[in-house]
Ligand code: ATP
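This document starts with one chain, in the form predicted on its own, laid out as C-alpha cells.
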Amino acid sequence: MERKPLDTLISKNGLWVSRNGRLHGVKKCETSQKYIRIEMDCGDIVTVRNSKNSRSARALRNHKFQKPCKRCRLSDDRINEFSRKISRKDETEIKIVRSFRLEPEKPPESVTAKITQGIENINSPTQINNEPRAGITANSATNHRSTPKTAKSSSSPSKPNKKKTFQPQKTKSMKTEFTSLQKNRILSLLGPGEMISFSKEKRSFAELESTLTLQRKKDIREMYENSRENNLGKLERTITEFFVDMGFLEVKSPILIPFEYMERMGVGEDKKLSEQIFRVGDSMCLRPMLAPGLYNHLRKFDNVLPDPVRIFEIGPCYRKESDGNSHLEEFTMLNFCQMGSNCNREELEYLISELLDFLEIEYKIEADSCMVYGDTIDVMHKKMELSSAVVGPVPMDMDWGVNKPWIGAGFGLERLLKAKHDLKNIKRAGRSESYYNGISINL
C-alpha cells in the first residue's frame, strides 16, 4: 500500500484520529513545508508534523479508531463508512492550503523575481554619455540631382576660380578618442556625484587620469584627517544605536547554518533560488538571509521578554549573484521584527519612516509579493529597492514554532549607502579592496 502523507489522508477522509484514538471531523486544514495545522469540528486546533509514518497517519490509512468525538457530532453513516474502509467518490474533500510551493509551469524568471533579495527592480549605476556614433553629416551628403551649367558673362577679367582643397581643416577642435579600457579606468576614478562626457572631453587620457588620481589622493587624505570611519561600519553603528533607543534587542546569529533552515523557508533543493546558496558540505550553507536566526530568537524569547517582543540583527549574508552592478555576493543585511501586540501595517510603516527619516534617505512604499512570504511591502528609493517588509502571520510560522502576529523588514546596508551618497554602483558601498567610502584606492 502506498504511504501517503497526512494532509492527503485528511483530505481524502475529511477526518482526523487523535493520539488517544478519538475520531474527529475536520473543519479546516493548512500545511506548510513540514507541519500541518488542523481545526476540528469540535473547535480544537492541533499542529503536527506532516508525516507518512505518524500514529495518526497509520490510523487514517488503516481506518482504525477507538471512539468518535462527541462534540464533533459525526453522523453514524460517516462513522460506519470510515470503519468499512469505503470511500465514496462524491465525498467532500477538505481544501489543503499549500504555501511556498512553486507552480511547475511558472518560468524561472518568476521565481528569481522575489528573495532578499526578494525581492526585486534595482537602479543601475549612473551612466556616462557615450561618444556619438560616427555617421554621415549634412555637409558630407552628396547631392545626386544635376542641373545644366550655364556660361557666366563677366565685363572685366577675373582670376580663375580655385577649388578649396583643405575642407577637413574647417574642424577647429579634434575629439579625443578613448578605448573601452581607458573609459573604464576614468569611470573608476570618478568620485561620488562626478560625471564626465567622453564626447566633449578635450584632454588626453594621460592628462585626465593624472588629474583624477591627484583629486582622489586628496580625498583620501581628507577622510583620514577628518573622520577615519568606514561608511559601512559607521552606518551599522548608527542603525544599532537607533534601534536600541527604540527598545529593540540586538541579536547575533551564526553565519554558517543548516541547509534544513532554508527548506523551512521554502527554498529547498528543488527550488530555483537554492542555486544562489553557497553550500558547505552536505548539510550546511552560508546564510543568504537573516530570517532563520530571527525566527529562532522570537520563539525562544516569547515567554521571557515582555509583550511585544522586539529584536533586530545586522550582519553579513551571501548569495551567488550574476548581476554585479546591482547585487553583491557578500552583502550586509539589517532585519528588525516585532511579535505580539500592535503588529499591523501602520506600526510597520511607522518604524520604516522613523529609520529612513533618521538616515535622511528619500523613499516611497509600494505593494509587492514574493515566493517566500507572499504579500510584501517594498520600500523604494527612485527605482532601487531598499527593503522588503512583511505583516505576519504567514503559514511558514508553524515550521518555526511561532504562533503570534508579527511585523518585520529587511534592508541592505550597501543599498542604503548607495542612496545616501549617490554612489555609481553597489560595489563602491560594499566590503572592497578597490574602494574606500566610494573612492577608488587603485591609484
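Residue numbers here begin at 1 and follow the sequence given. Predicted model, so just to flag it, every value in this text is computed and none were measured.
The same protein also exists as the form predicted together with the ligand; that form is not shown, yet it is the one meant from here on.
- Among heavy atoms of Ser326, some come within 4.5 Å of the ligand in the predicted bound form.
- Of the heavy atoms in Ser387, some are within 4.5 Å of the ligand in the predicted bound form.
- Although the partner is absent here, Met333 is a contact residue: one of its heavy atoms lies within 4.5 angstroms of the ligand in the predicted bound form.
- Within this chain, Glu362 is remote from the site of the ligand in the predicted bound form, having no heavy atom within 4.5 Å.
- Heavy atoms within 4.5 Å of the ligand in the predicted bound form are found in exactly one of 31-39, 46-54, 407-415, 59-67, that being 407-415.
- When you look in the predicted bound form, the only residue of Glu194, Glu275, Glu207, Glu321 with a non-hydrogen atom within 4.5 Å of the ligand is Glu321.
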